[in-house]
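Presented below, as structure tokens, is a lone chain in the form predicted alone.
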């Protein structure tokens, strides 16, 4: 009797807890299935595909690590990776600087700020393909209205093509990306700034600290986790850039603006080599995992310090 009573009591306590656990698993199950179906399964299929010589319509043939050996000696992949890294550094720095300026300008509620916030965020909902075609319609020498207008006004006499040189082509893409995505960066940074306690600023004001000193000694250090999040999102998005280069530059001039995803697309759907395209996809995923881990490690280490 004495041993059966505690056992019944434990079963009684486990009953509601077990039901809550089963209910929790039921709510989590759709998210788990979504992750498995949208991320884990495609990664496994891509990994398996990378070990095959697999044309789009022909028979597949197991080749082991041959695709990765080819990748290690592929100068096109190295050049593309180098260009993507340069583009990522420039785009990330531009987005962070412009985002910080805009977030600082609209962080406080005052007349007109709501309109400014809306104006900055609206481009975020526009697709990259749409924004790229609008840019092409404005700047392309064959169909663009700005080159045609400059010729009609006599400002220039010959062709005006910003996509014929590497610096101007890259600059146009970076400006487009900043205009298109800086609204999201601004929102994240503004939310981080608004989460900082006003006590810090009141104490700095009592101590007579200038605005510049307050910004560098209080705002930036306390905003570090948000900046880390912005950097991770921006770096991943920049390494996965495709639409803007596919539509605006098409890899030119002289194949100098080919991002890695463009190379993956070309190998898979133009050269019909799915195995090699899958190997490049796996390599890009590993690079992004390493970069993201380094950024998370640096952010966590500085927070703990």
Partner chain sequence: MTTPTPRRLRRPDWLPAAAFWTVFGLLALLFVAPLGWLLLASVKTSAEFAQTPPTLLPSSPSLENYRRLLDAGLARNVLNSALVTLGTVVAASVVSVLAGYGFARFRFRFRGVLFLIVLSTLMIPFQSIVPSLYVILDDLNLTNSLAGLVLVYTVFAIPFGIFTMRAAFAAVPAAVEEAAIVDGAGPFATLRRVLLPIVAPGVATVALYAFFTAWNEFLAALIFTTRQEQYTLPVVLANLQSGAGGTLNWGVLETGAVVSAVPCVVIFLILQRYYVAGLTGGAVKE
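Numbering follows the first chain given and starts at 1. By rigid core we mean the largest C-alpha set that fits within 1.5 Å across both forms. Note that the coordinates shown come from a computational prediction; the quantities given were computed from them, not determined experimentally.
As for the form predicted together with the partner chain, it is not shown, yet the points below apply to it.
Shown alone, this chain has one stretch from 166-174, 186-194, 82-90, 68-76 that lies within 4.5 Å of the partner chain in the predicted complex by heavy atoms: 186-194. By the criterion of a heavy atom within 4.5 Å, residue 225 is counted among the residues contacting the partner chain in the predicted complex.
The partner chain is not shown here, and in the predicted complex it never comes within 4.5 Å of any heavy atom of residue 156. Contact annotation: residue 145 falls within 4.5 Å of the partner chain in the predicted complex, judged by heavy atom distances. In the predicted complex, the partner chain sits within 4.5 Å of a heavy atom of residue 127. Along 75-101, a single residue, 101, places a heavy atom within 4.5 Å of the partner chain in the predicted complex. Superposition on the rigid core between the shown form and the other one places the CA atom of residue 147 2 Å or more away from its counterpart. With the core superposed, residue 127 shows a C-alpha displacement below 2 Å between the shown form and the other one. Put the two forms on the same core and the Cα of residue 159 is off by 2 Å or more between the shown form and the other one. Distance between the C-alpha atoms of residue 149 and residue 179: shorter in the predicted complex than here (change of 3 Å or more). Note: the CA-CA distance for residue 146 and residue 98 contracts in the predicted complex relative to this form, by 3 angstroms or more.
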